[in-house]
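One chain is shown next in structure tokens, namely the form predicted on its own.
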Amino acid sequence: MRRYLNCLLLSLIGFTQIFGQGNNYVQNYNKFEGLALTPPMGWNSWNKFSCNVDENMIRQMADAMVTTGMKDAGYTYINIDDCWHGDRDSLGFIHPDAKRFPSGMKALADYVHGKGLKLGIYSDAGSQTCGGRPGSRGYEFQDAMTYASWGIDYLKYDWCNTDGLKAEGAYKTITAALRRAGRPIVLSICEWGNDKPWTWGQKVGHLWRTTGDIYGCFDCIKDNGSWKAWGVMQILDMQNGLRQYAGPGHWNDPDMLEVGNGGLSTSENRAHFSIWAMLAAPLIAGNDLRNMPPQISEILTNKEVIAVNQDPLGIQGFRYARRDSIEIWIKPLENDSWAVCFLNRGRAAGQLRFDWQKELIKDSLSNRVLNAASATFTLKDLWLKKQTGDTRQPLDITIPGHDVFLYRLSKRN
């Protein structure tokens, strides 16, 4: 009998081990496919309003996105950043701040959806958000279920107060939670590039921050003591070596736009927007859409510049050459077309003569060659919105300081 019981016990142990392992729930750490096939376009509250968010302002921004022509230009997402949070209930479910969002997030999402737009929200992989609100650590699956029930379309997921966490694992957890909740949500990995998310983020999220926070200046660094914020040119330089990681459904994110926030001149705003378009970067505006001067609206809604950004090939542009203070950026586009951006990083105006016939531009990433000696391309100035000749003649231009010339080259039949 004892021998029989011992055999039975060993059998039960083996059965438990085999079937216990077999019944372990296997998480799906892969993002929702078919989303963000071109760089996401929208608006986010942080750069202009920081923690000062409420439902009335968000509704007004949705209204303004429609009335200003932003929606018609391709902008889709209205994203609420940090500080919307209230408390968690006794079961751990998060609720919005009742004073700021008295109607609740579901009603707000319904309003935004009714405008033909989508609603985004913010959380953090740590115990607290950067603004000191409840983070998602330990509550990932509950939060994902909550966001899905509200009708959220986009999640920016930050990296404050994450002691002891490894970035790849933490972001895989929220991805698994979103998949389990069942609603397709764009995941924006906001890890600041510390753990090289471009090397592991393609299957996990739809875009990933490549740097720390942007600051509203063209060429400067803001030292906040324990961390730094970066000007437009500093962030541009940090994109070096990353273009091979970008493509449809997975984008390098050099942070949100500062266009229209007062720290940049009109020419600097134009240059900022142009180079983000060349980088195939997400175009997430951060200004007050309700009070845009005409020159800012014209920049943000320039459909031909946006088309460079939204080109379906999804190829990030590259720096081809530098001539004194002027950088030449190249971006392959569909239908054998190209975008060429001449960026003057200097404060003084710069002159450039660019002989298309003598420049053989090769892009090893896309295996494309721009050879104006063997084919003629027409030039369209995307800011002046007019044809300006073709590649049979050299280009002679004077570029004002901190400004750009941006052209679309189309092959002549």
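Residue indices: 1-based, along the sequence shown. In this text the structure is predicted, and so the values were computed from the model without any measurement.
FYI, the form predicted together with a small molecule isn't displayed, but the following is about it.
- Proximity of E258 to the small molecule in the model of the complex: non-hydrogen atoms within 4.5 Å are absent; the residue sits far from the partner.
- Though the partner is left out of this view, Y122 does reach within 4.5 Å of the small molecule in the model of the complex, counting heavy atoms only.
- Looking at K156, you'd find a heavy atom of it within 4.5 angstroms of the small molecule in the model of the complex.
- Interface residue remark: D81 is counted as part of the site for the small molecule in the model of the complex, having a heavy atom within 4.5 Å.
- You can rule out all but one of 260-268, 187-195, 105-113, 67-75: in the model of the complex, only 187-195 has residues with a heavy atom within 4.5 Å of the small molecule.
- Though the small molecule is absent from this view, in the model of the complex it lies within 4.5 Å of a heavy atom of just one residue from L313, C130, A229, I94, which is C130.
- Screening E327, E168, D213, D288 for any heavy atom within 4.5 Å of the small molecule in the model of the complex leaves a single hit, D213.
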